[in-house]
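As structure tokens, one chain now follows by itself in the form predicted alone.
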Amino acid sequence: MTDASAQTQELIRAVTQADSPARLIAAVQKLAMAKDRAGISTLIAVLGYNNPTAATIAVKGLIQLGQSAVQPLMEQLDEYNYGARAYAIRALAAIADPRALDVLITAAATDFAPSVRRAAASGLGSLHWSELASQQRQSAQAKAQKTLLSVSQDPDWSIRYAAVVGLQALSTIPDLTQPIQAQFEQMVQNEPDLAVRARVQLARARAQTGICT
């Protein structure tokens, strides 16, 4: 065992053996700062702890670990704890690896937890599409667009809002612009929620100037 991995194992033990919320937060912070792939599974486990501060730190640590965290996040997605699942989806959305496309689509379209659906929908349009081959990229973008257009009609205003965020990012892709702008036009006319309508108007303006965020 190298010195680096031995140190990481000590950090992992500090997380698993923490006997107070404060000690847990401090231990997770140190593990996240180590940026060692050996700590990924432990950081994912923290997402399910009843400690939002520690979970938020773990999310940031996983995002910093980037692509190496994607497969473990997908494999260890918690089917029973929707809070943990929402944190994991937030991390996947922020990393933006297109390998997570199907996970994000399923979460945005079918998860029972609004927090999970919002995290997935808002990030679904901003994946790193350039990492896919051309034909695969077009198919993936079309799947994301179809999902978000559907989700933008959800009964929950907060999920519609998140879908608009995702659609805004996709609307800068020439082949997808027209149907998204048509949906935005319809939402400006028919959207009952003021916050969602304002976000649609912002998305339209930013899409016209090529701003994705």
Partner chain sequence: MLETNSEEQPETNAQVLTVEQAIANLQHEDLSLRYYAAWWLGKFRVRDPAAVDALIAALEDEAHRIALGGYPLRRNAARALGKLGDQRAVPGLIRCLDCSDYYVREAAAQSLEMLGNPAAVPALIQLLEGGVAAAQQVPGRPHLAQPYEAVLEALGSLQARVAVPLIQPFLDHPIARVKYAALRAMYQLTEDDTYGQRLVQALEEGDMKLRRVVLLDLGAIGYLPAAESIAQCSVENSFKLIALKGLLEHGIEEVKLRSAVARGPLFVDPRSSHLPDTAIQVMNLMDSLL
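Not measured: the values here are computed from a predicted model. Positions refer to the first chain, counted from 1.
There is another form of the same protein, the form predicted in complex with its partner chain; it is not shown, and what comes next is about it.
> Looking at Ile40, Val165, Val59, Val70 here, can you tell me which has any non-hydrogen atom within 4.5 angstroms of its partner chain in the predicted complex?
Checking each option against its partner chain in the predicted complex, the one that comes within 4.5 Å is Val165.
> With its partner chain left out of view, which of Ala45, Val188, Ala26, Met33 would have a heavy atom within 4.5 Å of it in the predicted complex?
The residue in contact is Val188.
> Heavy atoms within 4.5 Å of its partner chain in the predicted complex: does Asp156 have any?
Within the cut-off, so yes.
> Is there a heavy atom of Ala142 lying 4.5 Å or less from a heavy atom of its partner chain in the predicted complex?
Although its partner chain is absent here, Ala142 would stay clear of it in the predicted complex, with no heavy atoms inside 4.5 Å.
> Looking at the partner-bound form in the predicted complex, is Ala113 within 4.5 Å of its partner chain by any heavy atom?
Heavy-atom contact with its partner chain at 4.5 Å: present for Ala113.
> Is there a non-hydrogen atom of Tyr49 within 4.5 angstroms of a non-hydrogen atom of its partner chain in the predicted complex?
Contact check for Tyr49: no, nothing within 4.5 Å of its partner chain in the predicted complex.
> Which one of these stretches, 99-107, 119-127, 70-78, 134-142, sits within 4.5 Å of its partner chain in the predicted complex when only heavy atoms are counted?
After filtering at 4.5 Å, what remains is 119-127.
> Going through 182-205, which residues have a heavy atom within 4.5 Å of its partner chain in the predicted complex? Please give them in sequence order.
Result: Glu185, Val188, Gln189, Asp193, Leu194, Ala195, Ala198, Arg199, Gln201, Leu202.
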